[in-house]
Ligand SMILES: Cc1cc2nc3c(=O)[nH]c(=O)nc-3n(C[C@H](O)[C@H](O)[C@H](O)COP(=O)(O)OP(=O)(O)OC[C@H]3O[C@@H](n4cnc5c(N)ncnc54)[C@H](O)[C@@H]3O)c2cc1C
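In structure tokens, one chain follows: the form predicted alone.
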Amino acid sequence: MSKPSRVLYWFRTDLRITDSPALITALSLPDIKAFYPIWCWDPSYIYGHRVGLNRWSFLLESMKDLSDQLTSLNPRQKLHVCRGSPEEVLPVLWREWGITHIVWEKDANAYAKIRDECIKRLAKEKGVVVVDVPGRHLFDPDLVGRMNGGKPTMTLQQWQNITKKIGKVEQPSLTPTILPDPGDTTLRYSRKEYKWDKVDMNAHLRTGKDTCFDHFTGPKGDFSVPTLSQMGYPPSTTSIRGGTTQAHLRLNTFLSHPQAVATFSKPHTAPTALEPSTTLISPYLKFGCVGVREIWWGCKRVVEAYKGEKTKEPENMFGQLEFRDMYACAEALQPHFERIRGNSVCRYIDWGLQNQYDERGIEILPRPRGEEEDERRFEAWREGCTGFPWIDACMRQLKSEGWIHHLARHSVACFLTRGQCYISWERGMEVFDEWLIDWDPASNPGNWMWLSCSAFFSQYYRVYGLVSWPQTTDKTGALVRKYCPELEKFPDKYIYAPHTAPLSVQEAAGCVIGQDYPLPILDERAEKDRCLARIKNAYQLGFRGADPEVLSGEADKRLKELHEKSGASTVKSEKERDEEKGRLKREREGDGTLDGYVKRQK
């Protein structure tokens, strides 16, 4: 006779009860005598990953909402939060609660793989059966990778060709209507004061005392969801609320407008709009508050029933979900996907402020300061003080809300990397790591490599104008006026370039540029030309992040020589460029030569 099942269900980035193949698998185990939904409040995430206040707030709200959903299925149930690393927490629960099975939704990213392999080894030692079930993506990234010969998927078409062989996207899993009881939750285990002995990536956010690890099961011993105040953090600033309830409200609202679903075209939505012109479902998808198959099949049903003209892939909703999977498959197969060094799919460009490594190849944290001009530009970009209102408004919105339109992300990423500043995409990714609610370990580095033309995309000469581009969707500068209120009273004519306004206009607007709002930190056209020239040289040499020349420093030496030879190291101001054009024109017309002088005398 088989032994009764005592099941631990480990929630991670699947904070929902709908469309959860792993949860359904766990509930299908034979003769369940106790069922424990748990969460490990992992110090390596709390301290070792960059996470801003808005994402913390969203996560905590989502955990609380999930706990309420579990209680609605069984009044004795809740999300049991244990405060410690999985390596510490799980063996304690296995031993004291007599666990026979642990089930979780499989995650293919590099960090999760290392963590999960460790837990699998520990479970095997303790005789606990591990069941990990794919469900986070349309198709299991590891399966797609194997079918691609163990190589990362670098184009959407490549991903589509492989997944066609797998079959259709599965239908959403059924939603459970009941949950078994949890059984006894008494724990004899206790822990002395916990101390994190590595670099705390989020120390700069704390304004109070951090007590979140003072108790293994929370301050009242009731497995409660932590709070921002327990983490020593002030309140968040975002208006985006977390949780599976909010996720389904957003999805259902979107699906209730068939034309909007069928004609959705992400590249043609407005980044300058005050209210999001996209679905804003990405934060909920990131934390698994809604299932990816719920979105896919929900849109599928609406689109198939719609009789009018429909948007095609990749611009439509299906294409956007497929891009997410493409990045996940690339990250799952490519070591060091989140950095330049050792990353064989990443073109090597000699950006400023790259990650720094010691002689063993280990990243140095905190990062040593680079060239002062680069540091000043990076700080101005981060804080929304570049003197370019479109860039500044986007960055201030990002910091305040934890979200910006994807085309706004394109603009700020282009400006920081290939457009003007020539600063490493690693620095931009680092800021997005902290501030984006919808941060994803595959999509974030993937998008930064794409937008810096380091991988996935190579048309580096296509640069977003800092004035002309936002004017295409809003000449009034509504987003600028909201997030850069010091510019609120500027006329439309100058809203994206206030430094060009006459002093009388600036004074009438109550904002003198250089005093109340910064002057531009660089010459847009001159720096664009220099960036393009240097990237052209980098493409010419064709190094990748894992090449021996990059690891030895030889690539930097050769690029420097090529920049100097081609003139890419110099920056000419607008005045200098105009003077050079005039000189060349005079030479073509004979001015400045003896022939020209003689012709004028005649």
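Predicted model only: the values in this text are computed from it and were never measured. All residue numbers refer to positions in the sequence shown, first residue = 1.
The protein also exists as the form predicted together with this ligand; that form is not presented, and the subsequent description refers to it.
Contact annotation: residue 386 falls outside 4.5 Å of this ligand in the predicted bound form, judged by heavy atom distances. Shown alone here, residue 97 lies farther than 4.5 Å from this ligand in the predicted bound form, counting heavy atoms only. Although the partner is absent from this view, residue 280 contacts this ligand in the predicted bound form, with a non-hydrogen atom inside 4.5 angstroms. Although the partner is absent from this view, residue 334 stays clear of this ligand in the predicted bound form, with no non-hydrogen atom inside 4.5 angstroms. Residue 323 is the only one of 139, 323, 517, 422 with a heavy atom lying within 4.5 Å of this ligand in the predicted bound form.
The listed set 162, 353, 451, 103 contains one residue whose heavy atoms approach this ligand in the predicted bound form to within 4.5 Å, identified as 451.
Across the proposed site, 201, 369 and 426 without exception lack any heavy atom within 4.5 Å of this ligand in the predicted bound form.
Comparing 107-115, 224-232, 193-201, 401-409 against this ligand in the predicted bound form, the single stretch with non-hydrogen atoms within 4.5 angstroms of it is 401-409.
Annotation for 429-447: interface residues with this ligand in the predicted bound form are 432, 436, 438, 439, 440, 443, 444, 447 [heavy atom within 4.5 Å].
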